[in-house]
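Heads up, the chain below is alone and in the form predicted on its own; it's given as structure tokens.
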């Protein structure tokens, strides 16, 4: 039995350093349980020799395949090209990467390209008799059983069992193979798109309440509320210090 786990170039959310995505390491652990002693679990990454991807060799995969793809390229074509001719029984992926522009749609796009079904948010799975029985995580701690026959794509939920312990010797001895990817289309940064920092939007619906006149209730629904504060673009050190002190003073407890 052969299972492929999709790996991405993760980054630590605080420092930005290369770091494996925890839910992808959980996918490796789940794949090892499904494959059993005689099965093979391989990693697949569309990109170069990123430290975060190579560290996955120490968490239980038998080998890693790197398919050439640029940072701004759509990785779907590279993944499909790598899988052609040697399709695994199952493809596991994390619920979402942690590298920047990760939206969690790649496993769904890959399943559509291959014509396979997809089962989302798995926390446990077993394969027997050509069927994969999956336990899915639902909101508020709920669980649901799902069964899929034949090959399938499975995304793993963060509530799945913890990753396997890291073994540095396996990381150093891990088998890494590289393959040239197909001609890809840059789709992550199309021309004409302006990138701006996120800004919180005010709520459009206020607290209507049950009392008051019809005019007051209509005003409560239609009014927008300002969250307060002000935006300072490239302030001088003195201006920034005054603004910080004013902000802190607003929350300073008053003496009785």
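Since we're looking at a predicted model, the values are computed, not measured. Positions refer to the first chain, counted from 1.
Beyond what is shown, the protein has a form predicted together with a small molecule; the following relates to that form.
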* To do: Indicate whether residue 152 is a 4.5 Å heavy atom neighbour of the small molecule in the predicted complex.
  => no
* To do: Please run the contact check for residue 97 against the small molecule in the predicted complex: heavy atoms, 4.5 angstroms, yes or no?
  => yes
* To do: Look up in the predicted complex whether residue 121 has a non-hydrogen atom within 4.5 angstroms of the small molecule, and give yes or no.
  => no
* Using a 4.5 Å heavy atom cut-off, state whether residue 128 contacts the small molecule in the predicted complex. => no
* Proximity to the small molecule in the predicted complex (heavy atom, within 4.5 Å), stretch among 157-165, 112-120, 131-139, 89-97 -> 89-97
* Asked: Within 4.5 Å of the small molecule in the predicted complex, heavy atoms considered, which of 46, 30, 57, 41?
  -> 46
